[in-house]
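The form predicted on its own is given below as one chain in structure tokens.
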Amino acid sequence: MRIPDRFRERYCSLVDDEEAFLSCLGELLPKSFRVNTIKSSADEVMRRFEGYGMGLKRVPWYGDAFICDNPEAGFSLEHFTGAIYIQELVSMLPPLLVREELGKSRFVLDGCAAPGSKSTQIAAMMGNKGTLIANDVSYSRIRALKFNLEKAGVLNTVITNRDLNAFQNLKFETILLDAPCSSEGTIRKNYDVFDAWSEGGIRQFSNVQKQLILKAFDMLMPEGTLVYSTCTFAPEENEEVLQHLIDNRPEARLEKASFDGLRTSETVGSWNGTEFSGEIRNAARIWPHHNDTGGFFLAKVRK
């Protein structure tokens, strides 16, 4: 795998260990999955996988998540019946950040939902009750979203196919905005990311994200919670987007994003001559070499 020189220049100055960061990008991700608590339990899945002779390692920061030593986990009966969901570890973080809120919320929006990884997780955390709107702008991806929701036994979800910016003026207690991004953090499972990578593309995504985060925030009920997340390293798509929210919605308050047992890193304080608000330090970066995961960024915003 050849890493573009400009990519190295952009990010090696931001990490604590340049060699470990670049080396990790060339390694495959461990096989991980989440137990779908609508259909099973962690203890039951552990018992069944032990019977298959597949070793599981429980993730310390999420009791329903496991790393499997056998890549055949995706061919197990549990996967085909929806008792588990094959999912990258950092992809599980946004719902986990608002797990307490989801347990109480009756009206929730997953703004960019397809293919359904987080929607199925949200529904389980809601106890399959209340109403979850799973929206995605891409009609071609709605099919996968529908399939995964049905497979997981989700009953509380309505699928919509809308541009979030043109969404109805509804109000939600909890909103997840896992925004479309340059996907740099997924390089360990898809090296083709580098084929389309460019700083121009990053700026285009940033412009879209800034519109989406304002729209999502405006749809929150008073004291509602918004999780903004991306799977990219780019400050333009992360800290700069949060700064745009703070500048245009002064009532937005960032709460601490942290997880017991998971190493997170400080956000970027400035980029390309722009100083970011100190409040943005409450957001979290996840670098791949710190937890043997993909790269990720997430923030918890209260209205």
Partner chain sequence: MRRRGTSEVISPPGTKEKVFGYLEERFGLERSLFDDYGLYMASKGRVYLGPRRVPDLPKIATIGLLIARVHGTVKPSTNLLQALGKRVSRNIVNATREQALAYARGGDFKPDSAAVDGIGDGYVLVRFEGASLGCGLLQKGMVKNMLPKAKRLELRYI
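Positions refer to the first chain, counted from 1. Quick caveat, the model's predicted, so the values are computed rather than measured.
Form predicted in complex with its partner chain: not shown, discussed below.
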query: Candidate site Thr81, Lys129 and Val154: all three near its partner chain in the predicted bound form by heavy atom within 4.5 Å; finding: yes
query: Residue (of Phe205, Phe107, Trp197, Phe217) lying close to its partner chain in the predicted bound form, criterion heavy atoms within 4.5 Å; finding: Phe107
query: Option from 270-278, 253-261, 23-31, 52-60 whose residues, in the predicted bound form, bring a heavy atom within 4.5 Å of its partner chain; finding: 52-60
query: Contact test in the predicted bound form: Gly201 vs its partner chain, heavy atoms, 4.5 Å; finding: no
query: Contact label in the predicted bound form: Glu44 to its partner chain, heavy atom within 4.5 Å; finding: yes
query: 4.5 Å heavy atom contact, Leu170 to its partner chain in the predicted bound form; finding: yes
query: Proximity of Ser40 to its partner chain in the predicted bound form, heavy atoms at 4.5 Å; finding: yes
query: Neighbours of its partner chain in the predicted bound form among 157-174 [non-hydrogen atom within 4.5 angstroms]; finding: Thr157, Val158, Ile159, Thr160, Asn161, Arg162, Phe167, Gln168, Leu170
